[in-house]
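Below you will find one chain, with nothing else, as structure tokens; this is the form predicted on its own, and questions on how it binds or moves follow later.
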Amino acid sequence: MLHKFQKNISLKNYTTFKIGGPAKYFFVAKNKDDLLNAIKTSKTLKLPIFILGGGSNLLISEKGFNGLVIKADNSDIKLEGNKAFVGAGANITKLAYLTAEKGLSGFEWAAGVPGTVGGSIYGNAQAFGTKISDVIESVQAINLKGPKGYPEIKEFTKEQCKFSLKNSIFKKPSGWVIVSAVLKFQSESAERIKDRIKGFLEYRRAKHPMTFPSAGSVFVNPEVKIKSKKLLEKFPELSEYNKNKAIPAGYLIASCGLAGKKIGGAQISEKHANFIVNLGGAKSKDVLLLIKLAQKKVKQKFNINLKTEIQIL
């Protein structure tokens, strides 16, 4: 199957950040068999593997990847009753609109997001108080570390996925690659669902930087409680965030005076400080320096360790 792999393909245009070097080998998997065969070939050739979804939550180095990048493009969507049977490569915005048309609620938050179902499950994507794990019934995945070195296919229940804040069993170094999923929704008026989608899209346009390439939210909103009286007096908003049991990372970064900070071609967004945008020609090192700067300043001022949400390759 090696002859089907493309060579030295730039990954820059496969990420929403528009940053990244070449993959030694590159393959687009249109279905489960494609994925299995590519994995088997990589094991025979002892090639490192990286599974690429929509590239919306990812920062790739200019060095690229010295192995096989498999673009998961199994994007089938089948709706039956209140369930959706979807491939890992299915676009979540498309799924949000399809379910809305059918009067199925639970995926409105995903409208306007460029990610895939597989990537969203991997990082338990969420927005507007709703998580993808809320609608997961089961997930099918391939184990790269299967018996005797061969890929093993397993179906996970929602509980077995071990979902937590921006995390799942698939995000840990377990070797599992998501293939497909079954999602279960609630029936509701299609008009109400579409109204919510419209409201979410308006919010994103107003609050999120949409002009320049980015990878979405860079940091996980820390689930901590500020107890320092000095900080609570200086930043009264923290009292309200304490009630919600989570503090917006963007608020913390902006409070450190970093909104608008530039390094090279990258900038911490002035519109939403949890976004780093590519102003044009940004390098991965520019983004990484801004990430480290934000972590350092937030730690100094609030004694909070910001954890990255984006995947760094």
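In case it trips you up, residue 1 is the first one in the sequence shown, and so on. Since the structure is predicted, the reported quantities are computational estimates derived from the model, not experimental observations.
What comes next is about the form predicted together with a small molecule, which is not displayed.
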Contact label in the predicted complex: Ile39 to the small molecule, heavy atom within 4.5 Å: no
Could you confirm whether Leu58 comes within 4.5 Å of the small molecule in the predicted complex, counting heavy atoms only? yes
Given that the small molecule is not shown alongside this chain, does Ala100 nevertheless sit within 4.5 Å of it in the predicted complex, heavy atom to heavy atom? no
Taking 4.5 angstroms as the cut-off for heavy atoms, does Pro114 touch the small molecule in the predicted complex? yes
Triple contact flag Lys166, Trp176 and Gly216 to the small molecule in the predicted complex, non-hydrogen atom at 4.5 angstroms: yes
Stretch in contact, per heavy atom within 4.5 angstroms of the small molecule in the predicted complex, of 151-159, 114-122, 182-190, 228-236: 114-122
Contact residue in the predicted complex, from Ala84, Val135, Leu104, Ala72 (heavy atom within 4.5 Å of the small molecule): Ala72
Considering non-hydrogen atoms and a 4.5 Å limit, which listed residue (Val28, Leu288, Ala259, Ile51) is close to the small molecule in the predicted complex? Ile51
